[in-house]
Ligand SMILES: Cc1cc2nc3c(=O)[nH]c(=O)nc-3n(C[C@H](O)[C@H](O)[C@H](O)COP(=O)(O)O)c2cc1C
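Only one chain is included here, represented as structure tokens and corresponding to the form predicted alone.
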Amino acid sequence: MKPLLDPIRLNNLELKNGFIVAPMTTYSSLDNGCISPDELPYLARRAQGGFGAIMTAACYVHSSGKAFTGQWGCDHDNKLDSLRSVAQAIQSNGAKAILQIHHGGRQCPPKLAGGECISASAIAAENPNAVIPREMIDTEIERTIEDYAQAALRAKVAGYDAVEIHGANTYLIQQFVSPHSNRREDKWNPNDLLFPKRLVEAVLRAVGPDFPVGYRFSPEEPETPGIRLDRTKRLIDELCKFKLSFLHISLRNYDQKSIHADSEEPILKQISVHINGRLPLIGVGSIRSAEDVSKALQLGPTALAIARGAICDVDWVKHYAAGTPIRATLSKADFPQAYVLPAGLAKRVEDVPGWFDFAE
């Protein structure tokens, strides 16, 4: 039996195997924040392809956190039918459904987020044309923590198997962790890590002790000041005090090295060693072949998330199990129908040069 094909436990989350479709933005949901009809076949087909679980695209917990055109929401009970339809599409086709809950913070275009963007401090991202966000006041911070808790509870009510708190990829939670985006000197300062700790505590309290909850994090930032591995290790130490089901690292490549520390040891290995079995760790990052699986597992993760590979090959896990070729490119001849992609994601794939490789 090849690695990760047996049933696996991420604490209280049981999966039929250790392969998970990584959360990928689809740019396809309706303007009212509900799932669009053409996203359901996309999710169902990946479930049919043999994955143990599918993590949804980031789902905003409050309208002020909408970061993309075509992003869906879990911010109100009127979204329950939308949420439920996604869980059922995934589960009825053989996989566990994990809802990723999210707030974009300063990464939200003001036109999508109610006219302004908010963050830990009034510091713009180091991107061209970045907007200076408004610093959140204490009551907004407390409300946002409760927004995450209520979103997680909606996931439970809607029938999901787990939720993932999106604390990575420069969005709001990471903005509170980072000394670049968080210049506060009150209790919400970046060094005390109070915001992620309070948020995780609130989510776990809302869903109860038996419902699985995970947390995704980015280990480093390029900005100075910014997140470095020592800060991430302190965050992990705090997260390991909670009864989480898993941690999920965000990496572009599973074997990438630190962009700051003078070390040849891959970040995934360093983080795995630091966690030291206290919580299961999901690895990710350009895992496209059986050889990649073998090499990634040597770095210590418990399970692996597949991102672009799950777009290129809807039967990724089945092909891996059978030892047959795994498709790593897209074909323009039958795109996007053969890949069962929703319209917004298909357009994005075509419009972003270099994101995917197209075979001639």
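What you see is a predicted model; the values in this text were computed from it and never measured. Residue indices: 1-based, along the sequence shown.
Below: the form predicted together with the ligand, not depicted.
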{"property": "Option from 166 to 174, 182 to 190, 140 to 148, 77 to 85 whose residues, in the predicted bound form, bring a heavy atom within 4.5 Å of the ligand", "result": "166 to 174"}
{"property": "The single option of S289, N93, S258, S286 touching the ligand in the predicted bound form, heavy atom within 4.5 Å", "result": "S286"}
{"property": "Candidate from R205, K241, K111, R252 lying within 4.5 Å of the ligand in the predicted bound form - any heavy atom", "result": "R252"}
{"property": "Distance check, G18 to the ligand in the predicted bound form, heavy atom within 4.5 Å", "result": "no"}
{"property": "In the predicted bound form, A307 touching the ligand (heavy atom, 4.5 Å)", "result": "yes"}
{"property": "Heavy atom of S121 within 4.5 Å of the ligand in the predicted bound form", "result": "no"}
{"property": "Contact test in the predicted bound form: W355 vs the ligand, heavy atoms, 4.5 Å", "result": "yes"}
{"property": "Triple contact flag N11, V213 and S245 to the ligand in the predicted bound form, non-hydrogen atom at 4.5 angstroms", "result": "no"}
{"property": "Heavy atom within 4.5 Å of the ligand in the predicted bound form - qualifying residues of 334 to 354", "result": "L345"}
